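Take a look at this single chain in structure tokens; it is the form predicted on its own.
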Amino acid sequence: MEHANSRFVTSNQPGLHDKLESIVQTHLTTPFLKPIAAHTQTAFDEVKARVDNFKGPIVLDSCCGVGESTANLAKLHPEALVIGIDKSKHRLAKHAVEYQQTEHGQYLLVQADLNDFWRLVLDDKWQISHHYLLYPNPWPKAKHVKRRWHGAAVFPYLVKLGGILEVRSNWSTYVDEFAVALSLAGHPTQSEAYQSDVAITPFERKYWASGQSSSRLVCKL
């Protein structure tokens, strides 16, 4: 295996966050009233037209970065329309230069805020078959727990999107916490070690080349 120098995740949090359960329970019982940003509404409307005309399953690749994972997931789900979403225009712009793949499957990339995009998807009743969260920012500092997706106000909406959810991270605590949050939301699941001969995201490839391991959960919502 090639070697890389990706840093291991360091945190001042020794295990599961001590306020995780109370944070998740609060979000599960409190509506998320943040207004939808205009740019995400516009992006959603453009994608909606494609979704409305598509007769197969829909796969979401949230926090897709440069979209390499999106292209690889389109190969894995050739019958589906795979939608990669990321908030960074800079990362998405790299896709056509370095990561585009067109031999198999169909996919598109969208610049949007997931806090808004997920709620719009739910309101529009998209039928999601699979939802991937591959190596999102772990926000490892204890004070940033509410920035992790399972600690965020939008978490209940993520759960309601349904489908088969797969989360991967190189910080096992992140996946462990996500599993706890899903269990609190009525979907008991467990984290597990994950290995594969093929990395499908740049981060996954970099982490493994640095000798780091991955954890994941797979949960049918």
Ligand SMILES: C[S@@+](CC[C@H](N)C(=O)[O-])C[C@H]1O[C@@H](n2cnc3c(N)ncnc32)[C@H](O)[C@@H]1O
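So that there is no doubt, residue numbering starts at 1 and follows the sequence shown. These numbers were taken from a predicted model, which means no experiment stands behind them.
Only in words, not in the display: the form predicted together with the ligand, which the text now covers.
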ask   = Is there a heavy atom of residue 81 lying 4.5 Å or less from a heavy atom of the ligand in the model of the complex?
value = no
task = Examine residue 106 and determine whether its closest non-hydrogen atom to the ligand in the model of the complex is within 4.5 angstroms.
result = no
query = Does the 4.5 Å heavy atom contact test between residue 127 and the ligand in the model of the complex come out positive?
reply = no
request  = Considering only heavy atoms, tell me if residue 63 and the ligand come within 4.5 Å of each other in the model of the complex.
outcome  = yes
Listed residue that, although the ligand is not shown, lies within 4.5 Å of it in the model of the complex (heavy atoms), from 145, 74, 121, 114 = 114
